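Shown here is one chain on its own, the form predicted on its own, set out as structure tokens.
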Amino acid sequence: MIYFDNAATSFPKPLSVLREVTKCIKSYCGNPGRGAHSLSRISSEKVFTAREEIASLFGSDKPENVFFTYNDTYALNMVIKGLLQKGDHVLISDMEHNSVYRPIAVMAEKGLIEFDIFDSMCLSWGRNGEEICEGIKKLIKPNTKMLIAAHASNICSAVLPICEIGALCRSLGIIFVLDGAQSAGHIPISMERDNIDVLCAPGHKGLYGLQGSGFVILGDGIMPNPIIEGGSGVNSLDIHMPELSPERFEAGTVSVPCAIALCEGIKFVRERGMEEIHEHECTLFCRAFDMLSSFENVTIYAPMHIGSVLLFNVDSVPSERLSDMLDGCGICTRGGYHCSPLGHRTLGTPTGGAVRLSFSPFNTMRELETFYSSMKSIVRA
């Protein structure tokens, strides 16, 4: 099996992740913060170490501002619904995933907020941060409270100039929320350097953790209202959630195996080197681009952006049908709209979306040669 669906979830996981998760489940998987016994203490220490690793990787000096979620979608929903109030105005990019677009659009539909979509200039060959920021400025209103942006698209390899966008937001007092779903582990992110107020990311993609894991990092002075209440392990006699992070946001038991896996996944990223990972993925992208460009009836979307994600179509073959045909050849891809109708509209894909290839450091040139051979047989057919 050849796996080119890493933008959905990375596979396989590093052996170091598998070993430590197995050790956790066998040896020390107590309930963190829920007892004075040794297994609870060990689990608490391991979970805090995971917070420290996350904070360090993303340029935060406050591990207590890291809290865990089920995934990136939960992280974004908790931030969006925990910070926005009636009458607020929000800006989102034209490449957002439904994890941002849906909660924002539904809140607007209910009359709670209003929002506008800014142009990421995804299809502009000479785009730059200044031009994108100028477009954002034109949409800002007196009640603009938040800007949410996907750092990297999940359907192509376009990356937003977050440092410039963050600086603009900081100068205007607008909360800058970054969705790191497709960039965390691939592209460096710094809360401080990039003026990020809130970072949301999954644990199971470029950080090589387990499915069912995600996290939020809060900047100084950012404290959402909790949208889930329950046991936190502290102040049990108080009906309200604690005032401080992370307990304010982690109602119920934290998944120790997920935190452990994420911690080990980050260590893998550090050891392999984020730059080396990115360069490898770019090399695979360029080779796949050359292969697909050799076919007359293949369309590649946003080819000017080189990275871990490549989107394409074969004329007259529906994307999900093409993905199914590749699966029959033992190659995992994903067809359709990839939960990003905004992005597909921006790129101009046809009805039915397109096929996505997404790479990881475990993919090889030999796998691409097999993909090319399969594509030749499919296109000829």
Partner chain sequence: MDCIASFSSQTYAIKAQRALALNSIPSRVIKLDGEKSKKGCSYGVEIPCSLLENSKIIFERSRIKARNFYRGDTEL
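Positions refer to the first chain, counted from 1. None of these values were measured; they are calculated from a predicted model.
There is another form of the same protein, the form predicted together with its partner chain; it is not shown, and what comes next is about it.
- Residue-level contacts in the predicted bound form: of Val234, Leu172, Leu112, Ile227, one residue has a heavy atom within 4.5 Å of its partner chain, and it is Val234.
- The chain is drawn here without its partner chain; in the predicted bound form, the stretch among 243-251, 295-303, 256-264, 82-90 whose residues come within 4.5 Å of it by any heavy atom is 243-251.
- Among heavy atoms of Glu320, none comes within 4.5 Å of its partner chain in the predicted bound form.
- For Asp324, no non-hydrogen atom is located within 4.5 Å of its partner chain in the predicted bound form, even though that partner is not displayed.
- Contact annotation for Asp315: none of its heavy atoms lies within 4.5 Å of its partner chain in the predicted bound form.
- Within 4.5 Å of any heavy atom of its partner chain in the predicted bound form lies no heavy atom of Glu134.
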